[in-house]
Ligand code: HEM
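Here you get one chain, nothing else, as structure tokens; it is the form predicted alone.
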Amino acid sequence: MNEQAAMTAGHVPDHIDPKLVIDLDIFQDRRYHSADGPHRALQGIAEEFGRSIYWSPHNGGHWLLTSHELIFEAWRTPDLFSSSAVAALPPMPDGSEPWLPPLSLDAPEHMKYRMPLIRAFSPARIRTMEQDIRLFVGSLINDFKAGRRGDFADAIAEPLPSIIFMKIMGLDLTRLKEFRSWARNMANPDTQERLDAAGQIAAMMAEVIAARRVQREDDLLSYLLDCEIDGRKLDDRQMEGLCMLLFSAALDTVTSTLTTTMHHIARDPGLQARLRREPQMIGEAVEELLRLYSVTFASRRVTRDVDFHGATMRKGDLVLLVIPLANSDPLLFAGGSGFDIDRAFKTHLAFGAGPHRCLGSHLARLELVTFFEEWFRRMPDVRLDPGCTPRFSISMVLTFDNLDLVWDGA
């Protein structure tokens, strides 16, 4: 245990092996200040400590799983690693954690709430949205292209997935910026900001749900109101919980993926040239970008005392699954910290695994592939604006706050 970890050892429970304690605040580590993006910082952390299992005394104290093997096992054993009691780190005060079904539920209740969403986000339903998404993406890119420079995060990454989802839900498009701030705060390490955001989202959703009970529309909210669980229509609490989960996930993760992947593309002129020359490779590029630039962490709580790969865990311990490190683990991905569009094995955990695998993965993939198809059809080569420094944020979601690009005339 290094000197810094020793200084915080008073916050380490007695059952923790001191050899597994590391001084790592996953949200504010010093390595982020000098790294070229959050993923490079995480890879530096892995290079220093190794990919394994550790205990951090920060953010309430929690385990960290940083290898693909351990994270994949945790995803697939919800009976041991439950998501029912914590949505983010550090944990909220007792009783204030938002209820986010089906994420906040374990079997057998979990599947009852998941089934209506599986039908709503099925591949067949998602495919019907492609033409509208393509038209919207094209208009965003054309507006962006009209200048010779611009903030990609603000002009494209934020509105693209957010407006698509807000239309699906039937939400007020004029409130995009307000809704985006709430969604970001739902992943914030500041528990008061998370609590405030959850309250704001719940209040807004309650108003929309009440309106849809009076008058159905052609939107996801109306569809959910006509679904049943255990033979009964969903009540207000069930509706608000489902909608809060959808809201907080859909308005943040794809936006963050767009910024982190474009940060790579803007620095790789060879990749830009190849995807213009071989647009049929865009799907392969998206999968490799999702692998290398996964943007989420996942939190779990241990359900019983257990020895997990040599770590003594106690019931109630918090566990953070560091998904970006699973997807760059060199034991599974040769040269895992580098981009390789021709990589034969790209199977990643960007959308999770097991019973809680992301329900929105089909929509996310369609948005990303459609975006890059239109981007390389319409835009000239881009590069990072040398006059602006990209700023990134670390919460339960990794993202760039700004991503200023420049380009020459077409």
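Start at 1 and count along the sequence shown; that's the residue number. Values in this document were obtained by computation on a predicted structure and should not be read as measured data.
What follows is about the form predicted together with the named molecule, which we do not show.
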Out of the stretches listed (308-316, 223-231, 270-278, 107-115), which one is close to the named molecule in the predicted complex, meaning heavy atoms within 4.5 Å? 107-115
Whether Phe136, Ala183 and Phe400 jointly form a contact site for the named molecule in the predicted complex is the question; each needs a heavy atom within 4.5 Å. no
The named molecule: the contacting residue among Val369, Ile45, Ile341, Leu359 in the predicted complex [heavy atom, 4.5 Å]: Leu359
Of Leu292, Ile323, Met262, Ala197, which one comes within 4.5 Å of the named molecule in the predicted complex, counting heavy atoms only? Ile323
At the 4.5 Å heavy atom threshold, is Phe351 in contact with the named molecule in the predicted complex? yes
In the predicted complex, Leu246 touching the named molecule (heavy atom, 4.5 Å): yes
Should Thr296 be counted as a contact of the named molecule in the predicted complex, where contact means heavy atoms within 4.5 Å? yes
Contact test in the predicted complex: Ser328 vs the named molecule, heavy atoms, 4.5 Å: no
Could you list which residues of 119-150 come within 4.5 Å of the named molecule in the predicted complex, counting heavy atoms only? Phe121
